[in-house]
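First, one chain by itself in structure tokens, the form predicted alone.
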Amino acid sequence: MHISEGVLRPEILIGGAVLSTALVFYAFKTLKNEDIPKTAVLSALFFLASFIHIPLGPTSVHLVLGGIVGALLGPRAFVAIFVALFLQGILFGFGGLTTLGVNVFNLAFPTLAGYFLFRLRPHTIWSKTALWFSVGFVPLALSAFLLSLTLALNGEAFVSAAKLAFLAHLPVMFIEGVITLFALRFIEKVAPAWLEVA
């Protein structure tokens, strides 16, 4: 889902950089000392999940686990994802530094959907199951949409790549939904305080 260097127009890169800078700055300002360990753990989780990827034209397909990151961190997910993408860019050249702003926005902004979905209070075990599945599914669907929109705005030559990028992420959306459901159930058993704080 990372967009590679040298693909996007300067105005898209600048727009993404401005938006992400403002959101990451806000997230840093709201980050409390006691939240740093959890933010670091979830940043590492995102780093590992998104590092295993399949190249697909100007982008790639991979797990994101943004729903878990968003559910447990809320707006501070911007810090976790920024740090992970920055390290991937400088250490491995995955994504890149010029595209960092766009990639951060496309991957971090949808995590807020996971945060708000997680804050809903289900009344039955089945509604909780559906809700926690959607905590994983919806953020990735939104990220795939933003990725496709970014590529489509880049020019007519990228429209087919934009469609392919979205379709390629459809099976990953379901996988993320299942992983998120079981991960949240596991956290509920071993560290329920994390869910209460979230």
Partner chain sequence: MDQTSRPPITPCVALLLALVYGCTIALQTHVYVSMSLVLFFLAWLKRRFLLTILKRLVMLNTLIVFIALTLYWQHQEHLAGLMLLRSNLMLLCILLLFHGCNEFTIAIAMQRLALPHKLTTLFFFTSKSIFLIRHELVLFKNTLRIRGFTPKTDLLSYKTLAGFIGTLVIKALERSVALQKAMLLRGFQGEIYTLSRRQSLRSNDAIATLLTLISLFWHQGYVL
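In this text, rigid core is short for the largest set of C-alphas that superpose within 1.5 Å between two forms. Numbering follows the first chain given and starts at 1. Please read all numbers here as calculations on a predicted model, not as lab measurements.
A second form of this protein, the form predicted together with the partner chain, is not displayed here; the remarks below concern that form.
Among residues of the shown chain, L97 is one whose heavy atoms approach the partner chain to within 4.5 Å in the predicted complex. The partner chain in the predicted complex comes within 4.5 Å of a heavy atom belonging to S43. Though the partner is left out of this view, T129 does not reach within 4.5 Å of the partner chain in the predicted complex, counting heavy atoms only. Interface residue remark: K38 is counted as part of the site for the partner chain in the predicted complex, having a heavy atom within 4.5 Å. Using a 4.5 Å heavy atom cutoff, none of F105, P122 and E196 lies near the partner chain in the predicted complex. Interface residues of 76 to 92, taken as those with a heavy atom within 4.5 Å of the partner chain in the predicted complex (partner not displayed): V79, F82, V83, F86, L87, G89, I90, L91, F92, in sequence order. Relative to the superposed core, S143 undergoes a Cα shift smaller than 2 Å between the shown form and the other one. Relative to the superposed rigid core, I52 undergoes a CA displacement of at least 2 Å between the shown form and the other one. Annotation: I52/W132 CA-CA distance shorter in the predicted complex than in the displayed model, change of at least 3 Å.
The distance between the CA atoms of F51 and T98 is at least 3 Å longer in the predicted complex than in the form shown here.
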